[in-house]
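Starting off, we have a lone chain in the form predicted on its own, written out as structure tokens.
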């Protein structure tokens, strides 16, 4: 906060606005944008890892592994996202605490489940009751990342499974004819080529993931939607040094600009990555690029 902000009642105009926009709560609001970006940066590769694992399991020749992969895709995709986010985080948190309870308190005499209550010993609680606030926040954020990764990993698995099947079978057979094992053909032929088929679906999934970040609010994380609603609501002199009317429309307009700008940048990046992956590939897009680069322009 600026040095001239010591007496808010004596301020007006731009000076008042400058002081208002640099309060501690506004700093938390600006920090929430970084939280969203960190969530996307961590969740995207994690979801891709879940997706790749799910897709490889779904096409496995081992029946139990194949059932596990297809079951993961079907169950997560079939459950509404909001229901999954509301239920799964609680189940995951209680699952972790139950495992710690079995290890740390084996002599606990009471049942863990008592009616609607879930009771574990103090040493098994996550985080511990005496942990600082930042540990609670990191733990909540980690649960949110894991939940996002599992949910969007199932959709990524479906996209990657289809992309693996889209790689021409003749190329795999050619690789095997040259002496490659099935695993080598997958790693050297299917895996590199499938990305050009998968990128359109993964691009759409990335856009949906960006749009889903406000669900952080449901998981107990103070995200940008939480702060926009909190700061934009009408404030009276009794509760704030900077009273104002209902300004939520301006805060949510700021969120609109942020999301539209971020999705536009993402579209440009995905488009460039698509062109790069399709270059030299035996796909319709790759063939179109090859013809466009021929002397004299595209062939008729």
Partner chain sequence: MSCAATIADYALRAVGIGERLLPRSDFTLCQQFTLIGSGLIWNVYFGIVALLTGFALATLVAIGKASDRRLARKPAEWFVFVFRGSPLFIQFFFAYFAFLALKQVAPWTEALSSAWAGALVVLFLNTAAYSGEIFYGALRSVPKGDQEAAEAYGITGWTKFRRIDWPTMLRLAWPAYTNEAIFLFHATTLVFFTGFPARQQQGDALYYANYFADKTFNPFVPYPILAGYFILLTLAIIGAMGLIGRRLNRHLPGDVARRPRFLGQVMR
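Residue numbers count along the first chain shown, from 1. Quick caveat: nothing in here was measured; it's all calculated off a predicted structure.
Beyond what is shown, the protein has a form predicted in complex with the partner chain; the following relates to that form.
- Taken together, the three residues 99, 123 and 136 lack any non-hydrogen atom within 4.5 angstroms of the partner chain in the predicted complex.
- Exactly one listed residue, out of 171, 131, 204, 184, brings a non-hydrogen atom to within 4.5 Å of the partner chain in the predicted complex: 204.
- 81 is the sole member of 176, 230, 81, 222 with a non-hydrogen atom lying within 4.5 angstroms of the partner chain in the predicted complex.
- Stretch-level contact analysis of 246-254, 27-35, 56-64, 40-48 against the partner chain in the predicted complex, using heavy atoms and a 4.5 Å limit, identifies 246-254.
- Contact between residue 217 and the partner chain in the predicted complex is found at the 4.5 Å heavy atom cutoff.
- In the predicted complex, residue 188 stays away from the partner chain, with no heavy atom inside 4.5 Å.
- Shown alone here, residue 197 lies farther than 4.5 Å from the partner chain in the predicted complex, counting heavy atoms only.
- Taking the partner from elsewhere, residue 77 is found to have a heavy atom lying within 4.5 Å of the partner chain in the predicted complex.
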